[in-house]
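As structure tokens, one chain now follows by itself in the form predicted alone.
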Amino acid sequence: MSNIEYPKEILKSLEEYNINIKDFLPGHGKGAKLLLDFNKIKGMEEIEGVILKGKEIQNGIIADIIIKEGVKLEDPVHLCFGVNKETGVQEIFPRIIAEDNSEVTIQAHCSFPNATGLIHKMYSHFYIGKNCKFNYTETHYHGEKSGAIVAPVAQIYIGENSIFENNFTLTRGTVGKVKILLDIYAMKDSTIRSTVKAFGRTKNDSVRIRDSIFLEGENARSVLKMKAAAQNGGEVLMYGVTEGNAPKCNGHVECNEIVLGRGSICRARPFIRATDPEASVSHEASLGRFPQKWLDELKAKGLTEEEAIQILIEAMLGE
């Protein structure tokens, strides 16, 4: 399969995150792959131990991704869901299952390079079995015109003694309107590490992300980190939730946001709750401008203040 068969602009945005385009193309490299352009499956490649099934529907796709019991994958599963059109409505319904004792990394990318009035909706379900190691990394690119409306919803179940790492990044291009709802349920002895990063660059960019972790099993543990920046009138709201609902569970929420320029707005709402007397849940949050000392040190090296600010944003969001 060549780049010509799958829209170049959708794939090209991978380079914004220093990701090799060829890794996503069937016939290149290793690992299972699924590529979607609006409502058409443009590429699919299964490997031993991984089941990929997709059904095209009017505005998108219904997809199953299953990692079989005991399978330990060295190469990531690559998913690319994109729309090359300027307008329209895309709806994606993925179900991702990792059976017991499996290990996998899923690298997903959503790209809408030409969006001027495009709506993307995703309703996903994850089921992670017992004794699994599951890494899910998702990057987004919404073009340069703030013309995307993106509203994914995910329900995620993490089985006993499993490790789940979630990384969501939306820091390249413009955001448009984004509303993300993510619920993670952690069973006994599981470990959750979730990191969310977003950058609202213009007055037309609005980001609202609610990442919720529910510690439902004894000795479940979690760390939720939310990092954001708003500039030139952009708006960001990070709502980090952790509930301790079982004995000896431990969770922490950390929100860090930088606001730059008049009219820009950053809001952080860490919410913690414990319903078990042996649970421990904590939070910390910081909002505002970079310390002047950091700016002065960079300016002393010959950078303008604007250049210094951009370097500090890149450093915070790239951590």
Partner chain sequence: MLLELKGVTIPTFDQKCNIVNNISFSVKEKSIHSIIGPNGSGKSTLAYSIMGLPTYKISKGQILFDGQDITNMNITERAKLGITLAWQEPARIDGLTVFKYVSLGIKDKSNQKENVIKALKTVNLEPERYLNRYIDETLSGGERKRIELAATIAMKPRLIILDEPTAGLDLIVIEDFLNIFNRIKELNMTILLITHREDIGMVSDYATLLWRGDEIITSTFPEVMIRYCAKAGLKEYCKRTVFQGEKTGCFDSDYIDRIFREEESK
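Residue numbers count along the first chain shown, from 1. Since this is a predicted model, take the numbers as computed values, not measurements.
Unshown form predicted in complex with the partner chain; subsequent notes refer to it.
A.B. asks: Going by a heavy atom distance of 4.5 Å, is T304 a contact of the partner chain in the predicted complex?
C.D. replies: Yes, T304 lies within 4.5 Å of the partner chain in the predicted complex.
A.B. asks: Is L298 close enough to the partner chain in the predicted complex to count, meaning some heavy atom within 4.5 Å?
C.D. replies: Residue-level check for L298: yes, a contact with the partner chain.
A.B. asks: Heavy atoms within 4.5 Å of the partner chain in the predicted complex: does I21 have any?
C.D. replies: Residue-level check for I21: no, no contact with the partner chain.
A.B. asks: My question is simply whether E314 lines the interface with the partner chain in the predicted complex - judged by any non-hydrogen atom within 4.5 Å.
C.D. replies: Answer yes; at least one heavy atom of E314 falls within 4.5 Å of the partner chain in the predicted complex.
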